[in-house]
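Taking the form predicted on its own, here's one chain by itself in structure tokens.
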Amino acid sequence: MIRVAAVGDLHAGVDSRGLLRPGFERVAERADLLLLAGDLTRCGDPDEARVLTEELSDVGLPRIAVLGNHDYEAGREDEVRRILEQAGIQVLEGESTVLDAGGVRVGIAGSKGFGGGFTGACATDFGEPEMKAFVRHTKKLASHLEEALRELDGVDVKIALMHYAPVEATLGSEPLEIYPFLGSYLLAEAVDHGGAHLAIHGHAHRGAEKGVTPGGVPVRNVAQPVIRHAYYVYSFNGKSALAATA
């Protein structure tokens, strides 16, 4: 059995020092790795990223992350990524990594993802250059996520880690009007075609925890305002998600 701790939307600020650390004090006793589903900072300020790394410095677990829209706000996302990686937090964008968790090979493919909406009410790359650019950005990131998942063929468990939502079900009580800015069905297609066993995301603060892709892959929204805990732990036996604990 492997145990995956996951959380998104920590939104660390320069005033968060000493506030996040207590919630992660015992995570190494409960999990084999920690996944961070984007929006790690409030505004993408490198000083916010430094605070986050300080707060997670004693976790004692492999830490894998993707960035979220907040982490891009200051236009210094490359610097934010560098700070995280220098502190031992691996950041993925269209990339994958493989970890050994108690003899189980766990592969994680990650991408921020992007918006566009869901089947029956989605944007298309038609018309103005701005609309084309919006949708094509999602297509590119979804394609890279699928490729990263396919690279993991042969591992025991494959996890897709992203910030934006791949399905509507985990958007919960978010206003319908903003669904196109919360995720895209293209991400679910990447998850299904890439053969993932679990998809993790954040971003939708008023969402719901559980969903499933059209291909039957469990989806979990681990935005902290949704799970209302420092993290959730998902336990696997073989390739099936068995349970979640706070």
Partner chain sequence: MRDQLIHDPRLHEQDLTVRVEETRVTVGGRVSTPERQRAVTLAAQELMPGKEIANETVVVAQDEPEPGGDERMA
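Since the structure is predicted, the reported quantities are computational estimates derived from the model, not experimental observations. Residue numbers count along the first chain shown, from 1.
Absent from the display: the form predicted in complex with its partner chain. The rest refers to it.
Distance criterion of 4.5 Å from any heavy atom to its partner chain in the predicted complex singles out 218 from the list 180, 195, 46, 218. Proximity of residue 209 to its partner chain in the predicted complex: non-hydrogen atoms within 4.5 Å are present.
Remark: residue 70 counts among the residues lining its partner chain in the predicted complex, judged by a heavy atom distance of 4.5 Å or less. Contact annotation: residue 205 falls within 4.5 Å of its partner chain in the predicted complex, judged by heavy atom distances. Though the partner is left out of this view, residue 42 does reach within 4.5 Å of its partner chain in the predicted complex, counting heavy atoms only. Along 4-26, a non-hydrogen atom within 4.5 Å of its partner chain in the predicted complex is carried by 11, 13, 15, 16, 19, 22, 23, 24, 25, 26, in order along the sequence.
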